[in-house]
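As structure tokens, one chain now follows by itself in the form predicted alone.
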């Protein structure tokens, strides 16, 4: 059996004693205790030594606890500062009164009547005081009655010490009796050693090619970010440009500009994060107002009622990235327009494995002459195919600001058909107030839903946890599917 030099040194150090603490062996071998434990575990794998781990827990005083050492717990100090009774006002002058009065009442040591504190009941020391007395005497205590109460009060804290005992086995003794070469092993050879032939007489370090090397964990992009970057790259390849904007939007851009009525349930407090800030309405907001009230210059009748500018000025955390799409279109009303946005949105959702209060959304728009629903379906099929979803189908849907509207679904083995977003063509009530004369194709999807399918997750929250082990173990797939 070929041993490493450190294993040989360990056996030699153990020889006279047969068994020793790792700290003692570290001193004899002139190395660190941690190194001895490592050598011992390697030798233990070969059956040369046995390694026993001993874990001891003790409690030591905290900074506050040390302040009471020799004086007693605060309630005992305050109790002994007066005779049978004392006015509460006078007692509150004691520096420890704020801490002690509550504990004295809890332990039944005092009663308070008409502003006077009177001693009552049994004031003999309890288990916590007995434990604190042992702590004051020895500087540390083991777990026992009363210790948990001291820990809850922050007067003691737990410390854990780990010791290792290394014992030589009969097999180890047999090897030791045969004599061990303790010459320093050569791990690398110099040019001179090779040319001179000196390497032939050197004790070369042995290598076990069957041993797996220590795993290396290089830096890597978070799996969720990789999927976001992949989506971004696909849309760039399809000729889209990226748009961006702030997470705080006025209700005008988040709701009103998209022809969402001001009494729509999604605008209620239970669905949206409303902010205290307000923002002035943009120039030409009157055309949006007219569209809501009576349909403006279109054949629509609008929503009726009186449109409130005050409601439209109120700011929200954006509930969708469509608020950025309509602003981009307002700034670029002439074709062609092909843009997308990947951004975080916010909803007042009850958090569970499939719902979060904040998540990422992908939004895409295409505006050009004579584009229609078939173009929209083509764009979506191409995008999902590049994301690895070969089977895509569409079913009719409803959204307040698109008509017609469709919901794309993809087929996932083991799950069947899964809905992955919404899409449609912007209604005339959305585009007309901004002078947009050509059809606008629009779609959006929750990126986290795609990520869950791609990564095989059952809990959406896993995407946002700081789980280094999960990041390490998640494979880095090679590019797009």
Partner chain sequence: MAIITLPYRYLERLAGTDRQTIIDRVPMIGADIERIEEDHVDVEFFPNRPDLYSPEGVARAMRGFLGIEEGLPNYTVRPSGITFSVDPDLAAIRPYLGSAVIRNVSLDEEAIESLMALQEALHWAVGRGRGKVAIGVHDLDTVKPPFRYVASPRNRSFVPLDFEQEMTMDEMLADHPKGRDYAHLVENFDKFPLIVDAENRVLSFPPIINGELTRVTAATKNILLDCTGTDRKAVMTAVNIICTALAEAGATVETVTVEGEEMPTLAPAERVVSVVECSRLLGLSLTPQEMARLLRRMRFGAEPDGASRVRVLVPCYRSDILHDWDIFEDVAIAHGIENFDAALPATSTVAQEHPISAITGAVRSVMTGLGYLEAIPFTLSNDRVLYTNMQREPAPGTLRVLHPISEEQTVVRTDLLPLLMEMLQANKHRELPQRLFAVGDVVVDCVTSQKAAAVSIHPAADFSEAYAAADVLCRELSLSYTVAESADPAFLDGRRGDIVVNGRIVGVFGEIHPAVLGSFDLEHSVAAFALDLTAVSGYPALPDTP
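Residue numbers count along the first chain shown, from 1. Just so it is clear, the model here is predicted, and its values are computed rather than measured.
Below, we refer to the form predicted together with the partner chain, which is not included among the displayed structures.
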message = Residue-level contact is defined here as any heavy atom of the residue lying within 4.5 Å of the partner chain in the predicted complex; does residue 463 satisfy this criterion?
response = yes
ask   = Is residue 289 close enough to touch the partner chain in the predicted complex, meaning at least one heavy atom pair within 4.5 Å?
value = no
ask   = Do residue 239 and the partner chain share at least one heavy atom pair within 4.5 Å in the predicted complex?
value = yes
ask   = residue 375: heavy atom within 4.5 Å of the partner chain in the predicted complex?
value = yes
ask   = Which one, 27-35, 46-54, 417-425, 62-70, holds residues whose non-hydrogen atoms are within 4.5 Å of the partner chain in the predicted complex?
value = 417-425
inquiry  = Just to confirm, with a 4.5 Å cut-off on non-hydrogen atoms, which of 356, 99, 79, 362 contacts the partner chain in the predicted complex?
reply    = 356
task = Counting non-hydrogen atoms within 4.5 angstroms of the partner chain in the predicted complex, say which of 283, 212, 350, 195 makes the cut.
result = 350
query = Looking in the predicted complex, is the partner chain within 4.5 angstroms of a heavy atom from every one of 310, 332 and 446?
reply = no
ask   = in the predicted complex, which residues of 393-423 put a heavy atom within 4.5 Å of the partner chain?
value = 394, 395, 396, 397, 398, 403, 404, 405, 406, 407, 419
